[in-house]
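Read the single chain below, which is given as structure tokens and is the form predicted alone.
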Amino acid sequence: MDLDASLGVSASGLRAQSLRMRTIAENLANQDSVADTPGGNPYRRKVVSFQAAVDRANGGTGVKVKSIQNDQSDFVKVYQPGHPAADAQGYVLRPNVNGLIETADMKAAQRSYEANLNAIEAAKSLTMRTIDLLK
């Protein structure tokens, strides 16, 4: 694998993890968002999935975002009869976002992002050493 291919693979990882971190941040920002209407559905957690992407031009295999889907797990029901979003029985549906899970996912995405940055830095360092040897 040549330098362009390795940089392309790392760059695709950076793009994918960046989108994953933005999606997680959106989930965290909306973890307390409830419906506007009584008995309506609140914010639904989003999950990013990836797939391998072959770059035929330089022979590298990177990663790309396959889809961003809504998590179909159940909403949490909380009894709050005075709340404007409460249904006829007094229950409010809360988003299916768990702050602990989102924080763990964010940490994993951050580590992957850092690993791709380190790979780019290593490729840059090798290139600079090669140029120094040719002087």
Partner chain sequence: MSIGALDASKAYGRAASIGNTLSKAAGGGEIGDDQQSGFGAMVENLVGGTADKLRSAEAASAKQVAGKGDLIDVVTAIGAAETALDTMVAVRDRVVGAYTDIMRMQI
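Numbering follows the first chain given and starts at 1. As the structure is a computational prediction, the values presented were derived from the model and not from experiment.
Absent from the display: the form predicted together with the partner chain. The rest refers to it.
Asker: Each of 29, 43 and 115 near the partner chain in the predicted bound form, meaning some heavy atom within 4.5 Å?
Answerer: Not a single residue of the candidate spot has a heavy atom within 4.5 Å of the partner chain in the predicted bound form.
Asker: Residue 15 versus the partner chain, in the predicted bound form: is there a non-hydrogen atom within 4.5 Å?
Answerer: Contact check for residue 15: yes, within 4.5 Å of the partner chain in the predicted bound form.
Asker: Contact between residue 111 and the partner chain in the predicted bound form at 4.5 Å, heavy atoms?
Answerer: Contact check for residue 111: no, nothing within 4.5 Å of the partner chain in the predicted bound form.
Asker: I'd like to know if residue 25 sits close to the partner chain in the predicted bound form, meaning any non-hydrogen atom pair within 4.5 angstroms.
Answerer: Residue-level check for residue 25: no, no contact with the partner chain.
Asker: Would residue 122 show up as a contact with the partner chain in the predicted bound form if we use heavy atoms at 4.5 Å?
Answerer: Taking the distances in the predicted bound form, the answer for residue 122 is no, it never comes within 4.5 Å of the partner chain.
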